[in-house]
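Look below for two forms of one protein chain, each set out as structure tokens: first structure 1, then structure 2.
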Structure 1
């Protein structure tokens, strides 16, 4: 039950974050908003890192630089997300972000890209994608 509450709140925060970023972008500009919110998030995470003493430096050498660099994508993610919200609204943006995410994850799992263990996808995954796209069509057209 607690897990459901956490996951539900996590989802609520993800949407809230997109909306807040979009509001802040109207005030000071999109790149400024992306930089500012991540700077405060970074400082907060750094403080928590010290409190939890969770730092494992030796682990860094075991990870490929490509994987370490993923954080930088957030610049483009936030910019695109904010611009999309301003153009097509929150609901359609969130729906499309989720669909793109599931489809790409699906491809990566299916073909075993980036060293992921290959997982054969069944017809339910195809059906799920088709239903989601149908939902977007109902939502928008």
Structure 2
């Protein structure tokens, strides 16, 4: 239940962030909005880190270099979402983002990327993604 709640919150806040960034970018520019959002996110994460006292300095040295690039992905995420929202709207952007996430996670699970255990994918997973894509096509028209 806890996982479902946090997944729901994460999805809701991604949408809120995308809309807020789109509005901010209209005044200062898309990359400036991305930088501002990253900065405020960094500050918020630091504050929460100290509130929950979950700081483990030795953990930083154990992170694989490949995974250190994850924070940089956020800049691309923000820019892409802002640009998409401005061109196709919030609903279609979120639908396409979800499909992209599912397709990529499908490949990650299937091939065991990033050290994940490989999972066998069946026709039901393919059908689920196909139905979602069909739903977006219907939504668009």
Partner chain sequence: MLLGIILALLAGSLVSLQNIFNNKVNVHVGSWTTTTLVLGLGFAASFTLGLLFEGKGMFDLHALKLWYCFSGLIGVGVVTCMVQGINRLGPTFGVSISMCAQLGFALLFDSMGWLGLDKVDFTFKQLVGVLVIVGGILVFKLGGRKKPSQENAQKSLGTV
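These numbers were taken from a predicted model, which means no experiment stands behind them. Heads up, when I say rigid core I mean the largest set of C-alphas that superpose within 1.5 Å between the two forms. Residue numbers count along the first chain shown, from 1.
As summarised for this chain, the second structure is the form predicted alone, and the first is not. Superposed on the core, the two forms barely differ at residue 131: its CA moves less than 2 Å between structures 1 and 2.
Once the core of the two forms is superposed, the Cα of residue 11 has moved 2.8 Å between structures 1 and 2.
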